[in-house]
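This document starts with one chain, in the form predicted alone, laid out as structure tokens.
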Amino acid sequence: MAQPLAISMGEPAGIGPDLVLQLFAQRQQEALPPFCVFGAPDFLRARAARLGLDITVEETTPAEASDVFKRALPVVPVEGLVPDQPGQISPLSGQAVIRAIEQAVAAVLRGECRGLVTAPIHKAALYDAGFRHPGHTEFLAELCAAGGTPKLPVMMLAHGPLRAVPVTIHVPIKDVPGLLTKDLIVETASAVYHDLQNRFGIAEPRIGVAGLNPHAGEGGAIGREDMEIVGPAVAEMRVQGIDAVGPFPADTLFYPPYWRQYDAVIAMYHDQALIPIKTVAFEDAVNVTLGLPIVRTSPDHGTAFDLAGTGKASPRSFLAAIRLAHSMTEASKP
């Protein structure tokens, strides 16, 4: 059988493990591709029992996981103590969460698994365990660099044909103008264009670019960044063969008749990209990391500690993340 998708366990106190278990229980109804979980088997057994799910958890290797998936949840064990305490962060589990991500990435890089779906983490819970990265995405980029310089990881939020990409991500809004450069915008667009072609199967992608300022600067009357940075970046994209258009006012670019003309929209900062997609697809959007040598998706939500262990969390975004990882690996070209 085909290699399984890898799923990293995520924060044990959150809803990630719950959703993995729920989706495994529904795997036949949802026609899910085989996957294996990198995590703590005893913890997953305890959480399944807490949720009232009649699931067998079987320790395995990635090579055996697709066959095991028919009868049991395949778990590639990671070392560490992981208590089943929904909603309560434990200092015991931080190292196990980090190891699960590291081992899952390594398995995908070795070709033992064909793509990675990450359950949500809680960064504050990992800092005492030595986590030193701004976020999940930056950690994955370092792991994929294999000792070299990490490539620029690019965050895309996707829901069907609506794909939004922020150039700057988790930074204060006051810092955005100083961080935007022509090179950064072009490098981001290049990663988007490459992966649209090679992982989404879009032969000739078309990219719309939002301006930074209201009305895209209105000819310099409301800021000069769109004239001096964003516009030249779009011109450079076109020189490089990228079919990009803009900068457009962001408030109109995300009007459906406009964004539907493009295979992706590049925005200048986090909320400019995420507010539109979360407005229309809060429970169904998927976080995709572009620019890596592996396929990586994640549900577009956090740990939701208040819902952990209750069985009330919606699996829709996690389901969409698994399906998108599957379709991306099916469409991937070397």
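Quick caveat: nothing in here was measured; it's all calculated off a predicted structure. All residue numbers are counted from 1 along the displayed sequence.
The following text describes the form predicted together with another copy of the chain, which does not appear among the structures shown.
- The chain is drawn here without another copy of the chain; in the model of the complex, the stretch among 230-238, 107-115, 255-263, 84-92 whose residues come within 4.5 Å of it by any heavy atom is 255-263.
- Think of it this way: in the model of the complex, another copy of the chain has a heavy atom of just one of Q272, T303, T60, N287 within 4.5 Å, and the residue is Q272.
- Taking P77, P153, G223, P205 one by one, only a single residue has any non-hydrogen atom within 4.5 Å of another copy of the chain in the model of the complex, and it is G223.
- Remark: H215 counts among the residues lining another copy of the chain in the model of the complex, judged by a heavy atom distance of 4.5 Å or less.
- Although the partner is absent here, E283 lies within 4.5 Å of another copy of the chain in the model of the complex, judged by heavy atoms.
- Another copy of the chain is not drawn, but in the model of the complex it has no heavy atom within 4.5 Å of A164.
- Using a 4.5 angstroms limit between non-hydrogen atoms, K278 touches another copy of the chain in the model of the complex.
- Along 154-182, a non-hydrogen atom within 4.5 Å of another copy of the chain in the model of the complex is carried by I169, H170, V171, P172, I173, K174, P177, in order along the sequence.
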